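First, one chain by itself: the form predicted alone, in structure tokens.
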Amino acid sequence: MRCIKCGEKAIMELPRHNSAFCKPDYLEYFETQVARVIRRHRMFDRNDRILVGVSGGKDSLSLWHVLARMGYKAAGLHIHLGIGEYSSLSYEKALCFSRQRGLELFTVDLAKEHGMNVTELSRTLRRAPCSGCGLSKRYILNREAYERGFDTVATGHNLDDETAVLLGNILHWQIRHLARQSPVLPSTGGRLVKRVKPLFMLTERETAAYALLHGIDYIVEECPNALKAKSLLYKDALARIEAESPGAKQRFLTHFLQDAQPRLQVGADDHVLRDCVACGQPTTAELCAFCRMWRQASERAEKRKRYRETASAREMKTAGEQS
């Protein structure tokens, strides 16, 4: 297998492009793809301050690395979710990456800020961990970007992520979600910061190769809470299709964005954004979903605490009477 550009031995084959690259040409290919997406979708320019959501995984660290190499003013934000050893290791990877490259990293600790980590929140609300986790990350990323004066939030969602979300939304006919699925979610004014996905046309495998070739040390383990997520089922199904028809995932997403989404956007969402009465962040209701979730969690936690205290007092009283 030879590199299609220079004829040297290739180290990376890309069946969907019917091509293969040596190390230097593959790194150039990857960065060219990112630059092209940024330019084509007008994601940001050299004057913008960009806040990268950094988990410690290959996608977010590769994105941060690419933007820094391109000369963009990009800082990172890591949200410590409190998912045991996984979160601790994720934070270490993000912190080590930023220090090695002299990049600015901000950190928000969910448990310190709200009194519960993702696992405790899930148990308190009796709902899947990914639900509260995703909502919390989106909220905190936007809030921190707005309060720190950033122009854009960038996340490391790749082609596999985007097509899995697309398939899930189609299977459940989530029209409003489909209407908003885009590599660029523009700011609508106020406190809502523009959100972009510069890696959305690159696969997970391609991003992993870029990280390895640049010596980026990232957390390899998957989040333990995501092991039963439906997105993994959708990714597996799409991977099987891709294996039989290289380029299927790219065509699936590209044709959706070009042909279907513009029609879905017309009248798909007639809600008006307003400021949340509790936190001031943008919402379509009086109280934003984040504040509603955490208020409910706090109320349930307090109710359980009172129940335990009452039960303990009864036990002590019974023990005293018996003695």
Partner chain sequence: MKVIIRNPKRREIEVEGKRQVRDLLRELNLNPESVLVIRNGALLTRDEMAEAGDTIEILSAISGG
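This one's a predicted model, so the numbers in the text were calculated from it and none came from an experiment. Residue numbers count along the first chain shown, from 1.
If you look for the form predicted together with the partner chain, you will not find it shown, but the lines that follow are about it.
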query	finding
Residue among Arg240, Arg126, Arg176, Lys112 with a heavy atom within 4.5 Å of the partner chain in the predicted complex	Arg240
Answer option from Ala208, Leu135, Ala248, Cys96, heavy atom within 4.5 Å of the partner chain in the predicted complex	Ala208
Close approach of Lys305 to the partner chain in the predicted complex, 4.5 Å, heavy atom	no
Distance check, Lys235 to the partner chain in the predicted complex, heavy atom within 4.5 Å	yes
is_contact(Arg314, the partner chain) in the predicted complex, heavy atom dist at most 4.5 Å	no
Non-hydrogen atom contact Glu204 with the partner chain in the predicted complex at 4.5 angstroms	yes
Interface stretch in the predicted complex with the partner chain - options 118-126, 146-154, 68-76, 208-216, non-hydrogen atom within 4.5 Å	208-216
The partner chain in the predicted complex: contacted by all of Ala10, Asp160 and Val220, heavy atom 4.5 Å	yes
